[in-house]
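Single chain ahead, written as structure tokens, the form predicted on its own.
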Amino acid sequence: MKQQSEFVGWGERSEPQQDDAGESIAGESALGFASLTPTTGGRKFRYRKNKNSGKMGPGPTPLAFYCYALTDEIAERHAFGFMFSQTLIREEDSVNLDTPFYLIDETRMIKYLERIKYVKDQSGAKSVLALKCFSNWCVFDLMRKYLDGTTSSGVYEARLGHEKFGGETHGYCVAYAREEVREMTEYCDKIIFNSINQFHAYKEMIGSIPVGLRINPQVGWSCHATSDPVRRYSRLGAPLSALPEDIGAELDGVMFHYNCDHEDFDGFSAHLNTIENNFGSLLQQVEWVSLGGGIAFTTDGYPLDDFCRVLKGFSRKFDVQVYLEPGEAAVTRSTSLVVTVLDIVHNERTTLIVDAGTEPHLLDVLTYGYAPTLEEGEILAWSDAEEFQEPEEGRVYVVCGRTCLAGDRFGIYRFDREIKIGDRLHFDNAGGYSMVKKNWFNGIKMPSIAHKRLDGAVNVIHVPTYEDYLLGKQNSCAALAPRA
């Protein structure tokens, strides 16, 4: 259902910010859109779950995609000290926060948020934060300056976005229960259904709230079959063959979420062209189109001006408001998981056992089989089955977690120095799909959460306790009233 409206322009670019050296971080070359090129020093990598080139390994993936890893020359690495007894602490303080902990760093996040804002300024495309990836509202005050709102995958995320972030609140779920649809209407500016069945069942319940439908374009890209939204037999979205001819008259918008960690602009552009050709008639009837998440457009070296040109052309061609749903793209390298080496054992290889685990604290490591980047070390492999050349210099360690799971390992790394018990290690790209998935497996200590602001001050957000563990295990003995 498209209404006529006056075009008011694409907005103005804000004044560029500067880094500590006084150099601009808000222009094309300064942001690295054109100046940085994909390179790994001549080495080619195969991707697993790449998380903006941060997670890579030389072994094959189920889909056998080849990509070059991208460098991150602008991002800096820091070591921080924390005063545990104070809520507000400074990085120069010498007393450390007990590990493990996640450190969310706005000074590392800002570069990627600036790129998101650049896309809006140049193309008109709005971005809403994908809360399924990152939902730590301690940084929402910063993020809302660069994003237009949030998008959710369930009722609690929708409520969180509405209450803590503000702006636009988009609601989507693979399948709603009736009472959930009623609650979603309290929080959402747009409600998107996953199937024709649910659309017809609940459309009347949402009243005048703009309604959308997720569509499976049957083209897309993912570095792993598990996260491929357009895989064969996918339940995510209605394919073209399932769409009634007159569906456009009933819709305000549509969502195409068909990517995961997609860094190839040419591939994205080709897929969007296919969507234009296959769904052109429908696109002419709606007011807004979400292209979903999984587009790694904030990655160093991504041709951002070309990306903006394509988005702007798509918007003008169909007279629609374009939305993007960045998750990883908004929090790339913004967060570290800081751990301590508790023990060192040797069984053919020397293994470092740290005070965190993959399954409870970085679950995607197990789900997708990759080695997360480590500030102190160079990735050699994730599993023993992956072949790699033994380095001539440095020391090789396997870094493992301390849960009972035999496969609780972060990866095999080369270090420039000997690692000792008590040393700290920093997994420096742990923001996306980590804290939203953490759990109490084995009852080991949950990482604390610390937040570094742009002014350098660090706030300890939460230090988990045994009481949190009890709540997390949901072992309540309270009697439940019998159902009528």
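Keep in mind it's a predicted model, so treat the numbers as computed, not measured. Throughout, we count residues from 1 along the sequence that is shown.
Only in words, not in the display: the form predicted together with a small molecule, which the text now covers.
Segments offered: 406-414, 178-186, 347-355, 321-329. Contacting the small molecule in the predicted complex at heavy atom distances within 4.5 Å is 321-329. Within 4.5 Å of the small molecule in the predicted complex, a heavy atom is found for every one of 214, 257 and 433. With a 4.5 Å cutoff on heavy atoms, residue 230 does not count as touching the small molecule in the predicted complex; it lies far away.
Contact annotation for residue 193: none of its heavy atoms lies within 4.5 Å of the small molecule in the predicted complex. Heavy atoms of residue 293 reach within 4.5 Å of the small molecule in the predicted complex, making it an interface residue. Heavy atoms of residue 130 reach within 4.5 Å of the small molecule in the predicted complex, making it an interface residue.
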